[in-house]
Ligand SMILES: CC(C)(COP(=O)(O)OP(=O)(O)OC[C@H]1O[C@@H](n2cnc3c(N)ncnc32)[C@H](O)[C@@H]1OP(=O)(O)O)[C@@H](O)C(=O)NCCC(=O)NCCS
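Starting off, we have a lone chain in the form predicted on its own, written out as structure tokens.
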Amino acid sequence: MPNCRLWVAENRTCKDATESAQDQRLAETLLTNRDRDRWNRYRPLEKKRQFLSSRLVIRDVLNCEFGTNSANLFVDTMESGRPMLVDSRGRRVASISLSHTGNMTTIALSDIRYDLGIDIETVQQMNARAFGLSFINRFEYDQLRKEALTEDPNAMLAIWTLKEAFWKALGGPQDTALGDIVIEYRNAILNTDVACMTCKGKPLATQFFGHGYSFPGELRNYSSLNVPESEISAFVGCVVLVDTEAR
């Protein structure tokens, strides 16, 4: 994908045993006031730990991407929940998107010209038909059924990650539901069907990634990642890049 970097992290450390240890880790994240308020609003302890872990991963990624300049960079969150990478003056320096599931965190970075969306999900047992009907419209269902995709849980999971990633790339618009994002499977590529789209942007590139994941058939825009000694047996994710200048 043009000008796009993907980072995948797995937190294999033990859960914080004391509140003081959690406070120390919180200080290391350099949260903005808005994100600190967001962290304080989380009630389940697991959610607080997940949010904290993702922000620590972001800090490590920024160190790798920007070196010593990373100390002056911060991840802030818009009212819609969309993350922004800004400098100490509040100016955007890059596009960023993140997703987490369990102890996995993924981060995508790109130039500010592009809007990014990323989603990651663990592979799990599910009722493919019931799951698909919650976010696939009737037009899609009829088309995907011809490709024998509607009965396969791995296919449904890939479609879910694509829709979530594209929705994030659009900025998480409240007037756009996942059912409004139309998917097509053509020439062994899973992508949005731009001819049917009524959303505010069209994807420039879509890329799937995963570990221990198998799509039912060929998926040309998928890359398998080598994650040694992973505690998660299988996961799949998707990155969508939207060119804002082409809207």
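Counting begins at 1, following the sequence as shown. Please read these numbers as outputs of a predicted model, since none were measured by experiment.
The form predicted in complex with the ligand exists for this protein as well; it is not shown, and the discussion that follows is about that form.
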Looking at the partner-bound form in the predicted bound form, is G81 within 4.5 Å of the ligand by any heavy atom?
yes
Any of the heavy atoms of E140 lying within 4.5 Å of the ligand in the predicted bound form?
no
Tell me, yes or no, whether S53 is in contact with the ligand in the predicted bound form, where a contact means a heavy atom of each within 4.5 Å.
no
Evaluate L178 for contact with the ligand in the predicted bound form, applying a 4.5 angstroms cut-off between non-hydrogen atoms, and reply yes or no.
yes
Based on heavy atom distances of at most 4.5 Å to the ligand in the predicted bound form, which listed stretch, 85-93, 149-157, 107-115, 162-170, is the contact stretch?
162-170
The ligand: the contacting residue among L144, L98, V123, A128 in the predicted bound form [heavy atom, 4.5 Å]:
L98
